[in-house]
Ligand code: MEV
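Here we start with a single chain on its own, the form predicted on its own, put down as C-alpha cells.
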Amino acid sequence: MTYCSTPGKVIIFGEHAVLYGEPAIAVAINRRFHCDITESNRDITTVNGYPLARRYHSYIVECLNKLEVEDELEIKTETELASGTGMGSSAAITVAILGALRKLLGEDLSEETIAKDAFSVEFDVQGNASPIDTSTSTHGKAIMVSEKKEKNFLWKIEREGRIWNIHHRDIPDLTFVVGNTGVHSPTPPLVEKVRKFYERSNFAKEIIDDIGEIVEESYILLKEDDLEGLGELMDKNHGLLSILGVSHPKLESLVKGARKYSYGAKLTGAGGGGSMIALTDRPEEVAKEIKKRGGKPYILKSTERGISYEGKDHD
C-alpha cells in the first residue's frame, strides 16, 4: 500500500490580477486530502470500492493517463476539504494521486516534477488553470506565482505561451476563517467580465496594477509577522476586487460581519459568490458571525507541510 496526503490552500492576495501578469500568493492550510493506492487482484480499477469512471473521477483518470498506468489498482481516498469553497480540493486530489502513483511505480518524487504534472492534469480537466493551487499543495508553506523570476525561486511552468515562475514564501502561523456563501458562480464568466472591463478601461488597468502592488507589499508583512498590516491589505484588495465587479451581496455581508473580529477579510478565488476569507485571532467569533449571516464557516490554520508520504497519523 502506498500512502500520500496533500494540503488544501487559500489564495490570500492577487485573484484576477494574476491573469494580467501580476503576482498572487496562496497559503497551504491544515486540511488535507488522503489516498492509499495498492495493486488490485480484480480486473478493474476501483475508487473507494466503485469502478473508476471519468464522470466521477476525472482528475484520477487523468493522473493515470499522465503516468501511463495500465495496471488495475485499488484506490482509497478521504478528504477534509469541502469542494467549491476555495480550498483547492481538486489540486490536492491531483497532487496526492500523482505522488502516490509515482511512489508505487518507483518514479521521481521531486516536488517540481509532481507540481508540473499536477498542473498539466488540472489544465487538461478544466480546460484552463493556474499552477498556484497545485504548486501550493505540493510545496506547502506559501507560494507566490508571478511572470518575473524573483528571490526564492522554485520552478518555472509553461503552457500555451504563458510562463509562471513559482516562488517559496515563508509564513508565520496564521489563522483564517473561510466563509462559504453557498452561491455557486462559474469562474469563466467572471474572468471574461474582468477582461472586458480591463480592455476598455484604463481605470481597470490601474486597479490590476494596485492589486499587484498589494501582493508585493504583503510579502514583506508576512516576513515581519505583521497581522494588522496584512489585514489592512486584505481589506484593500477586497475593495479593488469589488470595483472590478466580482463581489456579490452575500460575500459583502460575510466580509462585513467577519471584519468585526478580524484583522481583515476579503473574497478568495474568482468571486461572484463562492467564499471569503478572514485573518483573525478570534476564529470562533468570526465563525459565529458568518453562520449568523447565512454562510458556512471553516476554521483553518496555515501549515508548513506539503506533500507527505508518512501516513495519516503523522498528518
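All figures in this text were calculated on a predicted structure; none of them were measured in a lab. Take the two forms, superpose them, and find the largest set of C-alpha atoms that agree within 1.5 Å; that set is the rigid core. Numbers for residues come from their place in the sequence shown, where the first is 1.
Here the subject shifts to the form predicted together with (R)-mevalonate, a form of this protein not shown in this document.
- Between the options V47, A270, A287, L64, the residue in contact with (R)-mevalonate in the model of the complex by a heavy atom within 4.5 angstroms is A270.
- The partner is absent here, but in the model of the complex a heavy atom of V18, alone among I307, I12, L300, V18, sits within 4.5 Å of (R)-mevalonate.
- Put simply, S130 is close to (R)-mevalonate in the model of the complex: some heavy atom of it is within 4.5 Å.
- A residue is said to contact a partner when one of its heavy atoms sits within 4.5 Å of a partner heavy atom; V191 meets this definition for (R)-mevalonate in the model of the complex.
- Heavy atoms within 4.5 Å of (R)-mevalonate in the model of the complex belong, among the stretches 198 to 206, 229 to 237, 130 to 138, 212 to 220, to residues of 130 to 138.
- Once both forms are fitted on their rigid core, the CA atom of L244 lies 2 Å or more apart between the shown form and the other one.
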